[in-house]
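First, one chain by itself in structure tokens, the form predicted alone.
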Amino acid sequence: MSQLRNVAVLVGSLRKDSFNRKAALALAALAPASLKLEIVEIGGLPHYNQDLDSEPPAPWVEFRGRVNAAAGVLFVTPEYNRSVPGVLKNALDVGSRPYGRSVWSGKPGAVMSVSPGAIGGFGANHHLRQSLVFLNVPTMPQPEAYIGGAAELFDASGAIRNDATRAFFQKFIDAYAAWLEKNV
């Protein structure tokens, strides 16, 4: 059996009843015993400002420490205007600075986009992948995960309603476990 790997999970939606948070929690529940998924909150991160690099705000320090300590990173995000939400982009920026001390570099990653729309956040998923290439995050290529129709996927408690979706989530998290093991 492989050793336990901590995975930082970044949820791109701050909404209280977020479909993306439900998806992240569902992935955590389905994760194999070799993974421990923990959501790293990004809503309270002050906007990145290079002037603060010499004396970074405490939330930046805590965030960078949590991501740095993780073996890998999983992004679960909605799509806003064919891109990622600003809060997620800010988290990428905070983690990538100061120059030469990025917490992202070399961390195996994966992206799942979740949306009520039919195309499942395809634009956000691919836009995020562009940034991850620059940040040197080896991102799992398959299976791609664009989850549409999110309003119908979860019951009142946040559990996945149907077997086909649950099976896909299982396939995704199992593939990520293998990707992480191969790339750490």
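Since we're looking at a predicted model, the values are computed, not measured. Each residue number is its position in the shown sequence, starting from 1.
Only in words, not in the display: the form predicted together with another copy of the chain, which the text now covers.
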Which among 66 to 74, 33 to 41, 146 to 154, 123 to 131 is in contact with another copy of the chain in the model of the complex, heavy atoms within 4.5 angstroms?
-> 123 to 131
In the model of the complex, does each residue in the set Gln50, Tyr80 and Val87 place a non-hydrogen atom within 4.5 angstroms of another copy of the chain?
-> yes
Touches another copy of the chain in the model of the complex: Ala28 (any heavy atom, 4.5 Å) = no
Is there a heavy atom of Ala175 lying 4.5 Å or less from a heavy atom of another copy of the chain in the model of the complex?
-> no
So in the model of the complex, does Met140 come within 4.5 Å of another copy of the chain, heavy atom to heavy atom?
-> no
Going by a heavy atom distance of 4.5 Å, is Arg15 a contact of another copy of the chain in the model of the complex?
-> yes
